[in-house]
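Same chain, two forms, each on its own as structure tokens: structure 1, then structure 2.
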Structure 1
């Protein structure tokens, strides 16, 4: 307030005093902390430690019908985990997984929250729980450096299903890296009884590579700003809820799914293919809407859906913005076992074809495909005819690369320019050393050289191409204008690139 003029400061103080007296009235009317006439003091409450669960599991329903002091111990860890087959990502987590551990308390509980940031973390983190009434939802009070632990407390005043997330700058990055989860504040009288409860959260991941690009991916801030996520997934990874990791239920049971969207940016049109939600607690609040097909869940929002499963089969959880489900990963499964009921459903299932890649059949197919590709590669290696075709393809691709840069100096006919740009056509220098040629394209070349008996002393800048493109362009050059110098494979380029790091 240093630079605020005096009248403004006075009025701010005045406002504050009104707020304080309002709080005093509120307290006098009997909040959990009011000493007399209301609920007991926090110090008098029975103490328990919250059971935290990893998605898709949910802690057991709360059976007590009185307030308690609940201790929550949440650990932040930065961990490398699978994002998709062959793709890894450094996730920042609340509890070691994405989404963060599920927290369950009861309306009126006094929650003592401890945030522990593991010593191996590289970043400070904090937590903003939407269930908290108070500035930042706990963010400022919970800012924690690596190897430190913070404590703050709050009373869970409102029942509902709430998102929590990290609120450390840059916030979208912390969330996109996996820092979100759900806290359920059960109403005083509890939620209706169900047979099974599950925990599912949707979030986007902005990888530097395209969807499916293998290896350890890094966060791409530009894609995040533009909201162009290569991955939109349930529970932190493609396929986290399919195959033997699918949710389970038996015919006749009632299922409740606690569904949230961590975002940071993309909302969800949550739908289960083949089911109708009997009840939807819109936006995670206390009013249930009935008979819903698809429910909108905002970023940083939630919903509770309940439904009875009547017939066996595989039900598919999706974001009904379907490219996200079928191309980016927002797809899960609920497998229901039990007797058929032909009256409700005739029983002819077409799931497997409809679901393509992500269904069980699709998974089996991907595996088989990988085997066949490997077998094909082996066959190619030992079949000269196919090897020739492969080389011809490389030459055509390489020509396109050549015409984007090399030709500007070495000319389209490969003759170059006397005393300035050396020839590639019939170049004895090129023919003599394949690894050197690869290195020249990757790293550039300068200083005096002799090509076909003529001296050159100029500079060639490094050429920014992938291993494949370098292999293709050199194969083109080595097989054009009368050259017959063999070919270059991406593996060779990769090796030379590694040797010249």
Structure 2
């Protein structure tokens, strides 16, 4: 330096100051500077808008082999949606649905994230993406009041399948109300090709009422703190993946399911009844394990499972903590069509005894119930049809309750099992005393009885049903298989319940 003329030294210092100032400006505006190796500046990257999809659909695979600037537009909406048949809940959502919209980007992409909180929202919200490297995962940069928007940027440094969720206090409440989703950062070389991809997430819903209690339910913070969720569901609602909403595939196809757990509290034991996972990408990362039956997915975690379907039929997706599946809603279906292969499996479709109200019969009852509710709402209050429609609605609801547990012992025809379980069809015992029938459902029954002249001596356990569910299931039974024994109201059940306390 001592041999360098003063003007040259001043010019070098001046040039350095300009470069440092430019770097500060680029950093302040969220523009990525080229690291060693000559990667392009974010301003030079091609720009595209992310395709977002509602569960169970997944955006198309990324075919480009270069980085891009990807703009993600995600809107927060607070909406009343169906939780179960006859049950509604005010969900807080990313994109209007639970789980939130699926986001797909590529490793190395520069993501410009725009979060918009709809003007009708009552709460501020933000987003924490587990795919973000940086404090809060974007939460501090995205706190957004109703009617406002926020913008922040990040580079997707790590490939994998990541959960995102709201991180506004109280965080467990925001997540339990539905504010979670998945973002897939595809590896630079892409994922292996599959025939079908689906998006499924599990979450808990802490309602003030019991499971199945009708009406608009509210959030119960005490149940959330105690982790006592009346509902644990796939894709935001009971029955979201059954009947004509079931996932679909054909024999010979390979299926990939992007599965996550929003939480806020419960770990899932993800399993598909009748399938073995060919590959499981543990916790949504790059390590694949083979030939797996059940995989644990933590709250706030994810996995990708891949499998080839070899024979047709209905495959049941469950949390293998099975009370959650069969009693709280964590159950879905994959329906596979195509030719039989008797060498692999001899065949026999899953039946109603196994599936309960998620079966085809239960799904049909749900559809019929919805039709009847719509008919009732359109009817004039003074119209004498109202009483008939109300009873028909009870019968369809009661059928689903019956399919939950009663079906296994008393059978589809109501005939029971000779010398073991008494018949309900044309039962003189049932017809003789309505209050006794209500009491049996509430409190159970043991010891010898005579039904239609034949002795029975077995045990029926008490059923943990609401007053409405007891009234519905008895109304169904009392009007099925040739029975014409009248109906039961929730008021009658409440009276009998009080008398027997």
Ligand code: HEC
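So that the term is clear: the rigid core is the largest set of C-alpha atoms that superpose within 1.5 Å between two forms. Keep in mind the model is a prediction, meaning the values are calculated, not measured. Residue numbers count along the first chain shown, from 1.
The form predicted alone is represented by structure 2; structure 1 is the other form. Positional change of residue 267 between structure 1 and structure 2 stays under 2 Å at the C-alpha, relative to the superposed core.
A displacement of 2 angstroms or greater separates the C-alpha positions of residue 394 between structure 1 and structure 2, with the rigid core held in common.
With the core superposed, residue 474 shows a C-alpha displacement of at least 2 Å between structure 1 and structure 2. Core-aligned Cα shift between structure 1 and structure 2 at residue 374: this is 15.5 Å.
For residue 490, the Cα shift between structure 1 and structure 2 is 7.2 Å when the rigid core is held fixed in the overlay.
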